[in-house]
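Shown next as structure tokens: one chain only, the form predicted on its own.
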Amino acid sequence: MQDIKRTSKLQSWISTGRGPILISGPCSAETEEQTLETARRLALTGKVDYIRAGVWKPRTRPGSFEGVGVKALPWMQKVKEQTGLPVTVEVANANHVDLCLEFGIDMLWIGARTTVNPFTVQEIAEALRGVDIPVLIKNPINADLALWLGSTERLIQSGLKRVGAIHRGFSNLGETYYRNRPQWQLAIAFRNAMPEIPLICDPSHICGRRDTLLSVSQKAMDLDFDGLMLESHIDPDKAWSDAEQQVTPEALDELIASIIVREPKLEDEQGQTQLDLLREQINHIDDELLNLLSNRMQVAREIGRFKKSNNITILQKARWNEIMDKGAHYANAHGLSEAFMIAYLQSVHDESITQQERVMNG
């Protein structure tokens, strides 16, 4: 991830002279030596801005490793002393906040399992009232944009001036490719709702495995995220938690070097003119698509009137299967993703049903 001219929203938090922020460290602080050695090797890359480590680990099932707890906080103090880098840990309740402040932790983050509980987030916000410290908040486990926004608002209303967000993907039953489905549209919606809030991507928890970290990291940079949080461990295969998604500091160095960071806008006037012309073509095509959709819904209403007159059901399963099969073939033949075509046709179909319901039951 080469140095770039643009300045991240997080640059006011730490002065690195670079663009996107990189936060890295082990999923869990397991031993003092493991924590310090990981931090030392990360510092040698010259690319890491914050060292992270899980001290308290909220786990899904009891009996899983839940972190070593408060005894890891002095290790994080030594990380600061030996590397000169600021440190960050996850907090899940007000007591965690108090302990982190006592041990001089530089930045906190609130995990996905905590974000789902407004009462807990409010308690953390109250514990931070009057404290000038950066706090990041991960999206909730499930795809609930309002909950993510609301939790962020609770922190801001407590008086915190340096609040950021972390996109770590969303749990989805049946998902096999990702550990947590990214659902980038929700991260984009968060950014549109709160453009002043820095947004970091956590590819480790989205991917759940090493081989896809680069592609997800690159997509985050292409979507103009403000930074990345990637887990690193001196011996990932022997990590006490989330072994499959961690990489060595040296592998992280190679991964970051492979990422292309692009400028959010053109400085070249001629290039901007060319881009504007292409966007104008998109605008005209969008206008045509919207007109066609309007015409389609007009026909759907006529079909609704026909169905009402002949007393037949709105949903015709054979017709729906025919449309889906045709859409899948069209997508494959024209270089479109089948998933996009299905989502598009489903949305159009849902609106057609709504239009027919109004006619038949109006």
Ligand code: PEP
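One-based numbering along the sequence shown. Since the structure is predicted, the reported quantities are computational estimates derived from the model, not experimental observations.
Only in words, not in the display: the form predicted in complex with the named molecule, which the text now covers.
Annotated contact segment (heavy atom within 4.5 Å of the named molecule in the predicted complex): 108 to 116, selected among 157 to 165, 77 to 85, 280 to 288, 108 to 116.
For the chain shown alone, L42 is not a contact residue for the named molecule in the predicted complex, no non-hydrogen atom being within 4.5 angstroms. For the chain shown alone, K57 is a contact residue for the named molecule in the predicted complex, at least one non-hydrogen atom being within 4.5 angstroms.
Residue contact with the named molecule in the predicted complex: C27 places a heavy atom within 4.5 Å of it. Interface residue remark: K138 is counted as part of the site for the named molecule in the predicted complex, having a heavy atom within 4.5 Å.
Screening R191, H205, H96, R210 for any heavy atom within 4.5 Å of the named molecule in the predicted complex leaves a single hit, H205.
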